[in-house]
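The chain below stands alone and is given in structure tokens; this is the form predicted on its own.
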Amino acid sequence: MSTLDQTAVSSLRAEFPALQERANGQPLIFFDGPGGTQVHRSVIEAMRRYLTEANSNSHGAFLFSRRTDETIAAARRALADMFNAPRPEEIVFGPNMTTLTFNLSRAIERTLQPGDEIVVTWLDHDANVAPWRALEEHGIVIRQADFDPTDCTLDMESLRATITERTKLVTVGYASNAVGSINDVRRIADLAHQVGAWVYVDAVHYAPHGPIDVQALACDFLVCSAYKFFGPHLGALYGRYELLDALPAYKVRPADNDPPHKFETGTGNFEAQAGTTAAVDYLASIGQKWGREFADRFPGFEGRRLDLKTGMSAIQAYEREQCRRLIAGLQEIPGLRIYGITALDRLDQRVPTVSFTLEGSTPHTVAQRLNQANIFVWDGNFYALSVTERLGLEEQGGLVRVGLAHYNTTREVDTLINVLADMPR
């Protein structure tokens, strides 16, 4: 077996305890992954093992503390491999992406002057908007780039016009958590760097769906959360070491003055770090088993870094086929409108997160009716408030969001389509 297909996915599903759960004797269908994926068995075991065999604070002279230090170091190495970061010291841990972004926004603000500009977009989750808008009270100017409402892709001409000689930071999502659009991060980074601005990338929604390479993206910062890629609740930030070293940190006096430690406030969630390493290793194992056909795309990579790139490429290829089936099926349902890219020849420009409205029903009503069929989906604005406001949907309850992950099957996609088609209007 060399391709991630239905047979391979069936075997992988057995490794996710939650996927074995049932309600009223029937299986559960998890299309709620954009709000947090289900957790791989190895993650649960790694966290249990840490809590029983290493539970201690860090930097002590005794055995359990030394094991904790190695747990931290292993998690930094794992995420450096996943992101293709040059060094593990460029990985900062925090409770979640939002907290890390607020912390970094305060640090960056201390390097700015009133009148300096930060660019955000209408397409982003508010966690990559609000932390920067909070700096307006210090005289920082926030400029917001628009997106095209016809296909919910970032308007690159709007972005280009929004970046000026006063721009110091451009913040952008790798993929929209509301409508699935993938942004051309490298092109955006090049535009920002032309005026000497830094680039901050929210990769939370992209991380479970494709390979990440911060060096190829040429971004200065990238942040994501492990609970979106089959791991525990933990945020992780990549930052170029020289920038992390130069930025001032809000910290207690005894804390280390060097990155990444100076940005990690208080005692870390070490069991979650152990689980995150396991999640990364799980993704690498997919590359070892089903990613060999993609190895030629990544010359110069080896070991776990290569396995992660090929594994995520295998996941990406599988999910695109499922997304194709989902979109084609949804488009056949009268009164259903998809927001985002729907052209089947443009699926490489989106992740398999498909949001829609259904005529005659509110998004919440649709979600409730799907729940009666044991199908889990989200409804609302998903904290991407700018998106639903821009689309004029916020007052109508937002959107229904279906998020595919690599553990979803063709049968589950077909079941969703059939239930929606039979739903009373």
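Every value quoted in this text rests on a predicted model; they were computed, and no experiment measured them. The numbering used is simple: start at 1 and walk along the sequence shown.
Although not depicted, the form predicted together with a small molecule is the subject of the following passage.
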## Note on the structure
Checked Thr310, Thr71, Thr121, Asn177 for heavy atoms within 4.5 Å of the small molecule in the predicted complex; positive is Asn177
### Query
Looking at Asn96, Gln349, Asn84, Thr265, which has any heavy atom no more than 4.5 Å from the small molecule in the predicted complex?
Asn96
### Message
Please determine whether each residue of Pro34, His125 and Tyr227 possesses a non-hydrogen atom within 4.5 angstroms of the small molecule in the predicted complex.
### Response
yes
### Query
Counting only heavy atoms and a 4.5 Å cutoff, which of 151-159, 314-322, 201-209, 287-295 contacts the small molecule in the predicted complex?
201-209
